[in-house]
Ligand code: CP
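Heads up, the chain below is alone and in the form predicted on its own; it's given as structure tokens.
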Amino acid sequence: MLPFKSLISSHQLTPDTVATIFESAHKMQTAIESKGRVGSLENAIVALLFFEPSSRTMLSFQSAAQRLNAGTIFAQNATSTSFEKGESLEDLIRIVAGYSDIIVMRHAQPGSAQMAADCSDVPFINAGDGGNEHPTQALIDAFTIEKHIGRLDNLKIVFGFDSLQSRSIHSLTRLLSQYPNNEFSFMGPSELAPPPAMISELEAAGVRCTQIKGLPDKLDYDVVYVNRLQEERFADKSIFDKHRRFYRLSYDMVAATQALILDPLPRIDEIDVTADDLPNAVYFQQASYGVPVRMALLSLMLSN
């Protein structure tokens, strides 16, 4: 059982809740490896509403639903729905709630997830609301860290390179701030530094935060978490063009550190492809964990 009907923010993911989800996710991963499917949701319908581009999140939710033997219904962009005719988000969610047992939605507008959840009669999962949050990605990231390092506390983590606009960074820092003795550094240009309110929130939770301009000489951390510059969110594209090639992990940087290298993907410029086969570059494994983690979440939320 989970202590919420809908998942909107990483603030809801307490250590006890995360432990419950991860226990189920490990079982789901074992089931995938041995049987392929777990027939626990054969009577459920999962609605996937993706009004922003997606590949990993949409496909892994679809795979998770199908591995649980649930049915799925889709809307993949705004032009395929009555948004094109002027229908409101609230009306659409009320309609889709009548067609499904749980709704997963990605939307470009920050705050849209809370708006949708407030008018949904069925459980709701935020699959990304603009540059705000992406709580299921945070679960996958934390699952990867725990699986490869064995803990979620006492970690030194550096985040790059767009802490201002990366919803994945926002959600993961909020989740990990609930574990003791974590230290966060934010690496990137000053224009893309974390919002001051975010730093204040993390420090109030007991996290020591530092900011790094440029690329450090050594990646002396437990985890290096990089995300692409969020091109679609730049009001001034000249800032994107100025920094996109500079902020990049080279093969030598990754090979010279023992840090776990994570990236929620898609990769654009932030990691050189020559680093992909290094043992600490686990971002493709990280993406694969999206299926068992999202299977666990769907199963637990519907069992509520």
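Quick note: we count residues from 1 along the sequence shown, nothing fancier. Just so it is clear, the structure is predicted and the values come from calculations on it, not from any experiment.
Just so you know, the form predicted together with ligand CP exists too; it's not on screen, but the next bit is about it.
A single residue from the set Ser40, Thr257, Ser54, Ser63 has any heavy atom within 4.5 angstroms of ligand CP in the predicted complex; that residue is Ser54.
Among heavy atoms of His170, none comes within 4.5 Å of ligand CP in the predicted complex.
At the 4.5 Å threshold, heavy atoms of Gln137 reach ligand CP in the predicted complex.
Ligand CP is not shown here, but in the predicted complex it comes within 4.5 Å of a heavy atom of Leu265.
Only one segment in the set 26 to 34, 54 to 62, 249 to 257, 273 to 281 has any non-hydrogen atom within 4.5 angstroms of ligand CP in the predicted complex, and it is 54 to 62.
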